[in-house]
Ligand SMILES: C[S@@+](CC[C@H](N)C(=O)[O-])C[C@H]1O[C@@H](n2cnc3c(N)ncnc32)[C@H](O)[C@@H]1O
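Quick setup: one chain, the form predicted on its own, written in structure tokens, and binding and motion questions come after.
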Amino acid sequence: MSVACGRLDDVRKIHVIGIGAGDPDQLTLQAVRALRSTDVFFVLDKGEVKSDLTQLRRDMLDAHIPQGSYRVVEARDPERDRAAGGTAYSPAVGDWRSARAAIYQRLIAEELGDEESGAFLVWGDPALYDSTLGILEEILERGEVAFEYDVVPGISSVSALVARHRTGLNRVAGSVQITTGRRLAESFPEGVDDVVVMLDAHQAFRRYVDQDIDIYWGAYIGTPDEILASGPIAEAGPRIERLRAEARERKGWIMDTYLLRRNPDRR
């Protein structure tokens, strides 16, 4: 996918590069080629608590690109109102994305020369629960800075999760739905027995501990801090809650996802 604005012979170029769930070995050959064709990498600093995420990005660059052939430009990530709920949730996310768009626009306009290429390194895959593509479109719609961009797919946390648990994402002739913890807290999706849950800050799986469901859970997948747990939700659920609380206390943040698998023959 490529979106262009202005003359193609001198327009700024942006790569949106999926870098996998955390393991540097998950970079694809296409991603490595994109890294090596980039002059400037834009990194949003999420603060001291999550500084290891920034370091992981720098380690990937050091592993695949000669030092001195690129530069890294950091900016502070805007805060999002995480207390907003109900009807206020979507507007809060919209405000946060617009604030990010303003930062991205400034970085592209001020830090990237007309014939240079820049890149945003996206955890997992840029097309799955990530805001970067929508933000770049918002910037282009403003018409204040010209650039073209392409997208390099990455190994998502979903793919990495099921690989680490040595299971498939789907069953024969079955459907899979990817949803959020916020949606799962409302109800289990109808007509689907395999559900992947992302962005669950409140462990919505606890609502279903009395049902015949297996859970495959992972946190910090692909990193040295990786934690895995699986089993019937009634048994594994309390263990996951404990592991999650301990990990969050230890690191100050957590990134996790899980697959819920309901057996239709035992419903």
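The shown structure was predicted, so the numbers you read here are calculated from the model rather than taken from an experiment. Position 1 is the first residue in the sequence shown; the rest follow in order.
A second form of this protein, the form predicted together with the ligand, is not displayed here; the remarks below concern that form.
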I need to confirm a contact call. Of Y104, W123, F120, Y149, which residue comes within 4.5 Å of the ligand in the predicted complex, counting heavy atoms only? W123
Site test, V40, I108 and L136 vs the ligand in the predicted complex, non-hydrogen atom cutoff 4.5 Å: no
State yes or no: in the predicted complex, is some non-hydrogen atom of G237 no more than 4.5 angstroms from a non-hydrogen atom of the ligand? no
Report whether the minimum heavy atom distance between I17 and the ligand in the predicted complex is within 4.5 Å. no
For M255, is any heavy atom within 4.5 Å of the ligand in the predicted complex, or not? yes
Evaluate Y129 for contact with the ligand in the predicted complex, applying a 4.5 angstroms cut-off between non-hydrogen atoms, and reply yes or no. yes
184-192, 155-163, 69-77, 170-178: which one contacts the ligand in the predicted complex at 4.5 Å, heavy atom to heavy atom? 155-163
In sequence order, the residues of 185-224 that place a heavy atom within 4.5 Å of the ligand in the predicted complex are M198, L199, G218, A219, Y220, I221
